[in-house]
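We begin with a single chain expressed as C-alpha cells, specifically the form predicted alone.
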C-alpha cells in the first residue's frame, strides 16, 4: 500500500508528467516509423502553428469540466469570431487602406483597425459565453443541452451572416495584428508562445486564485460550495464568459493563419479538444483540472494525426488511434485517482478488515 501511495504522490505532484512521457514515447515511435518527417524540424514547427488554437480552447474547457459542466458550443464561437473578424477587415479596414493600385498597406491609423476588430470578435465570443452561462445558471438548462443548442444556433448564424461564402484576407499580413498573433520569431511560430503564456495564466488562475478554487469546489460538490458561501451562479457565468473569450481568440488565430475565413473552420475542434482535455487528466466528474496535462495532451493529439499519415497509414486511422489513446488515458487516470479500481476490474475487492478477498465466485469457506 505504501508503494501505491508513493506512486500516486509522484504523479499527482508533477502535473502532466504521465502525459508528457506518453507524448515523448509517441514521438519516439514516429521517429522510427516516419523518420523523414519526425527527425526534421519542419513538422514540429507545423505543430507549433496548428496546435495552439485548439489548445487554447482546451485550457478554457479544462476549467469548465473541472467545475462539473461541459461546453460544446466552442466550434460555433470559432466560426462567429472568425466571420466577424474577416468581414469587418474585408469591408471596412481594407477599403480604407487601399491605394489607387489596389494595394493593401498598413500605413496610418488604419493599422489599428484590425486590432479593434479583434476586440470586437473576442467580445462576440464573450457574449456567447455569457448566454451559455445564463441558460445554465438562470434558466436551469443542463450545460450539455444549452451549449449544444447554442452550437447549432451560432453555427447557423455564422453561415447566414457570411452567406455561406469564404472570405479571403489577402493583405492581412501587412498589418501588425497578423505578425503579433500568427507571425514567426525566427522559425518558431508565435502561436505556441501565446499558447504557453495562456497555459501559465490559466494554471495560476485555477491553482492559485480564488476563482479557480471556487470552480473546483463547485465541481466537487456544488451544494456544499453554495452552503459555504460560494456564489455558484456568478462563478459559472464568469467561467463560460472566459471560455467564450478563449474560443474567440482561437477563431481569430485560425483566420489569420489561413488568411481566409472558411465556414467549416472550428468544426473539427470539437472532438480533438475534448480528447486532449481528458487525455490530460482532467476529472470527468469535476473537481479537478490538469492544465499541463491539457497542454501536452493537445500536442499528443496533433502529433498522432500527423504521425499516422507520415507513417504511410491512411488518414482514416487517425480517429481510431486517437480514440484508443483517449480510452487508455482515461482508464489510466481513473486508476491513479482510485488504486482500488484496478483490483475491482480483475475481480478483487478490499475486505472489511483490510485484507484482500477473493472474487465472489470462490467457494465459501
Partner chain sequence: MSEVQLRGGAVADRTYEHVVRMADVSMHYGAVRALSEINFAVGRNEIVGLLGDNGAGKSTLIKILTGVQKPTAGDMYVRDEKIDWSGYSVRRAHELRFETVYQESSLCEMQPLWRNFFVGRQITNRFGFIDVKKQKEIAQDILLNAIGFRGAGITVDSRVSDLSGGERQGISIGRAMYFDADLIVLDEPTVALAVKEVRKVLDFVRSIKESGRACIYIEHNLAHVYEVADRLVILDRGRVVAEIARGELSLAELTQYLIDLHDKRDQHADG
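Numbering follows the first chain given and starts at 1. This is a predicted model, so every value here is computed, not measured.
Not on display, but discussed next: the form predicted together with its partner chain.
- Out of the listed residues 194, 262, 117, 217, 217 is the one that sits within 4.5 Å of its partner chain in the model of the complex by at least one heavy atom.
- Of the candidates 90, 209, 184, 233, 209 is the one whose heavy atoms come within 4.5 Å of its partner chain in the model of the complex; the others do not.
- Contact annotation: its partner chain lies within 4.5 Å of heavy atoms from the stretch 223-231 in the model of the complex, the single such stretch among 155-163, 223-231, 250-258, 137-145.
- In the model of the complex, at least one heavy atom of residue 204 sits within 4.5 Å of its partner chain.
- Within 4.5 Å of any heavy atom of its partner chain in the model of the complex lies no heavy atom of residue 238.
- Its partner chain is not shown here, but in the model of the complex it comes within 4.5 Å of a heavy atom of residue 286.
- In the model of the complex, its partner chain sits within 4.5 Å of a heavy atom belonging to residue 213.
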